[in-house]
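Here you get one chain, nothing else, as structure tokens; it is the form predicted on its own.
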Amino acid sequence: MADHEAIVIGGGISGLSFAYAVASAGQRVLLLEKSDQLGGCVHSERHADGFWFELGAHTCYNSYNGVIEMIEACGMRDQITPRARVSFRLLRDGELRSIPSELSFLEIARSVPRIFGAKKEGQTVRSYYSRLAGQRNYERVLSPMFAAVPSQDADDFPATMLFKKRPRRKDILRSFTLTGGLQTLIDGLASRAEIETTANVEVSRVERTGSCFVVHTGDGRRFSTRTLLLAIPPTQAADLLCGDFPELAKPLQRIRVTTVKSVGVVVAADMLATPPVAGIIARGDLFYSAVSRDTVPDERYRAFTFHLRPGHDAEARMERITEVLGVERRHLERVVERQVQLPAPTLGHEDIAREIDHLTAGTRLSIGGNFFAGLALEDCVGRSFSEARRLYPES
């Protein structure tokens, strides 16, 4: 007999949204997270004086219906905070330039006939968008913009995984964050009575025993459950499953992943001459983008999170960060580093996802995460909600 109705491995937005959906179906959930903080790719770095900035995901939209549902369920609608109307800027030749100023509208005009009948299916981001906007526009502007979204080169991503149309909630701000940052939602989900969260627990192995799954931890504990979700990077999921579930581990091993390193810095507001921006997008630089806290202005501080390209040492990174911001290192009030694993999908990725779904169909084992439909928060939540409905159709 199982000790728990449902266990979730992984305390990011995917794991927590699955736990929320299962709890909403009337079941109690145990969630295990190996780090000391829940959230995964959602991480609001907070100061004791109330200042915060995002090290990961930084924006929600009124098309994020699953996210909004959870915000409302946690009683946080009054904490929805508007984002200031500041723009992303492209960094070129040491200057911050507007995105429209870097585009060739003549090239766009020549590409207009190609828009009609253009389909994303079977196309990479590069092949689809360079056809629509022109090759030069793509290389100069769109490619670095798209790389800034997942903090990695996105040219070879399937075109279907970026920029999806979703129905919008007209009663919600078009783009928003939360008081205290997006971590506020993570805190709200984790505090729900039906969800028991345990941090600093590393899972070492998953096995099947009769109709139950048994989860073994590195400190010698074991938990049994009727329903199990793995909401962790695919390589980690494959390692846990390779013993008793080798056929499922195989497609997970084929999913490409990349490690994204981010450095967040806080500077006194009066030390920066850089005009307010939503973020800085770089081309051929040491970093993909630098996302700013300027979207929620603060009189005391400004903060930027630099999402870095691989292959540079810490000294080179800090030298470039201070150069871009126009400050000396001694002016940095706070420096925080963070590293996450993200999927790096290519054409054929959808086939891998379908294979995983085929192998888990009819079982009470589920695989969640940001490598199914896309990397946006709503993609992660949507996957978790659909898996919860599969396992608890009566809810």
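In this text, all values refer to a predicted model and were calculated from it rather than measured experimentally. Sequential numbering from 1, following the sequence displayed.
What follows is about the form predicted together with a small molecule, which we do not show.
Mind telling me which stretch in 325-333, 349-357, 45-53, 28-36 gets its heavy atoms within 4.5 Å of the small molecule in the model of the complex? Going through the listed ranges, the match is 28-36.
Whether Ser151 contacts the small molecule in the model of the complex should be assessed with a 4.5 Å heavy atom distance threshold; does it? Judged by the heavy-atom cut-off of 4.5 Å, Ser151 is in contact with the small molecule in the model of the complex.
In the model of the complex, does Asn370 have a heavy atom within 4.5 Å of the small molecule? Yes, Asn370 lies within 4.5 Å of the small molecule in the model of the complex.
Is there a heavy atom of Arg293 no more than 4.5 Å from a heavy atom of the small molecule in the model of the complex? Residue-level check for Arg293: no, no contact with the small molecule.
Is Ala21 near the small molecule? Define near as a heavy atom within 4.5 Å, in the model of the complex. It does not: once the small molecule is placed as it appears in the model of the complex, Ala21 has no heavy atom within 4.5 Å of it.
Every residue of Ile232, Val340 and Ala376 near the small molecule in the model of the complex, heavy atom within 4.5 Å: Every residue of the candidate spot has a heavy atom within 4.5 Å of the small molecule in the model of the complex.
Could you spot which one of Val214, Leu240, Ala278, Leu286 gets a heavy atom to within 4.5 Å of the small molecule in the model of the complex? Checking each option against the small molecule in the model of the complex, the one that comes within 4.5 Å is Leu240.
Single option in Met145, Val201, Leu178, Val267 placed near the small molecule in the model of the complex, where near means a heavy atom within 4.5 Å: Checking each option against the small molecule in the model of the complex, the one that comes within 4.5 Å is Val201.
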